[in-house]
Each structure stands twice: as structure tokens, then as C-alpha cells.
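Just the one chain here, laid out as C-alpha cells, in the form predicted alone.
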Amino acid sequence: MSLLTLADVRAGYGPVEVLDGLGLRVDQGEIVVVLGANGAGKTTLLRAISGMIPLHGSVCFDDVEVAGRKPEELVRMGMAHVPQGRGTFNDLTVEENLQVGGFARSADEVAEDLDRWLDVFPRLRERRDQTAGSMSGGEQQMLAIARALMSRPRLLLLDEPSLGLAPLITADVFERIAQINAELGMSVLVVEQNANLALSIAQRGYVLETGSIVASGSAEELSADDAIRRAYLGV
């Protein structure tokens, strides 16, 4: 059953159209990866889905047309977006950042989930009273994901979670994403350049080039495709 369906989506910035009639879907409980080089439109895609920029076309979330809705409305409906560059509040502590993530929920729910995600990301518990800006890039990425999870989303949008991270830290972040998906059945749409790692945790994927989907299939099919292996997997 599809949780998110896009049809003929066009979006961009002013007169510049970045997405050109794009369509894709994310089913309940699956991880879907969108691969693409710099400038392919990956970040624009997530911004359009999450209501950060205007679009033309259809975005259907949980059988409801949501194109044109504001980001805060989509958060309340069950969608959370972790932007490229993490977007943490550098002057706030880890705990304060997490509390901000639960803005749409009750104080009791926020307290309950705060402990839950500090257990999933134990490094954040160690840094609980530390300001976000004083932490490493990997710790900030974990904080950004945990903050998004504080809204109890059904769909998590991740924009280049490996960007700027060391390989071991990247592997740890992706392991946490897979764990959350497996334990909670949370759907995840992740855009990435690290194709090997992203396909290793995904069920399906799409390849985006200059704003259009040029290939799609299971993670196994994309991993075995010679053209994709040469372009994205370094083979």
C-alpha cells in the first residue's frame, strides 16, 4: 500500500524548472532511495514533497492530496524532513533541539520520546546538555534525525545523510536508519550519492538525472545494472 505517491511533479526556483514531470512512490514500511549526481534535483525533490517550495502536479500522502500544504501541516500529518546540512539549532542543547522537534505533541509524549531516541542514539545522551554547534558532524546528523523522529512521523525524508561524514560514521548513521525502519515500520525516502550504502538498506530505488526519473527497480536490480554500477557504484 502506497504511503506517498508523486505524479507529474514540476518544481524549481523562480523561472528555473528543476523537476520535470517526475513521478515515484513510497510504500508503507519500505526504504526507497533516490540516486543522482550533484544538480540532478534530489534536494529540490524533497523540498517540494515537504512543502518548502511550490510545485505543480500531485503529491498524495496517505491517500490525501497535499500539494500546496505548509511544512508544519505536513509534520502534523506524519511527514518529517531532515534537510541537507542537518539544520540543527547550534545555540540550543541536544535536549532543547529534541524538544523543538516535538512542537506538535504533548509534553508527556515529548518526554517519553526524548528518552526513547536518546537510547537509540546513545552518543546524544552523552551530549544531552551540550550545544549542537559544539558537536561533530556525525553527532549533529544523528541529532537532526532524532529531532525529526520526535514528531513521530510515518514518513522520514532524508537529504544526503552521508554528506561530509567519515565512512565509519556514515555506516553507523545508515545502520540506525535501517534499525528504525525495521523496528517501527517507518517509511523512509532517502536521497544519496553514496549508492552502495543507500542500496544496501533500501528495498527499491530510483535514478534521477536533470529532474527526471531515468531508471527504477528493486535495490538488487539497480545494484546489478551495469550502467548504474559504472555511474554510481564506482564499478
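For every residue, the number given is its place in the sequence shown, counted from 1. None of these values were measured; they are calculated from a predicted model.
Note that the form predicted together with a small molecule isn't included here; everything after this is about it.
The listed set 193, 203, 28, 58 contains one residue whose heavy atoms approach the small molecule in the predicted bound form to within 4.5 Å, identified as 193.
Scanning 169, 37, 52, 178 against the small molecule in the predicted bound form with a 4.5 Å heavy atom cut-off leaves one residue, 37. Using a 4.5 Å cutoff between non-hydrogen atoms, residue 139 does not count as a contact of the small molecule in the predicted bound form. Contact between residue 9 and the small molecule in the predicted bound form is not found at the 4.5 Å heavy atom cutoff. Although the partner is absent from this view, residue 99 stays clear of the small molecule in the predicted bound form, with no non-hydrogen atom inside 4.5 angstroms. Heavy atoms of residue 131 never reach within 4.5 Å of the small molecule in the predicted bound form, leaving it off the interface. Proximity to the small molecule in the predicted bound form, taken as heavy atoms within 4.5 Å, picks out 43-51 from the listed stretches 43-51, 195-203, 182-190, 66-74.
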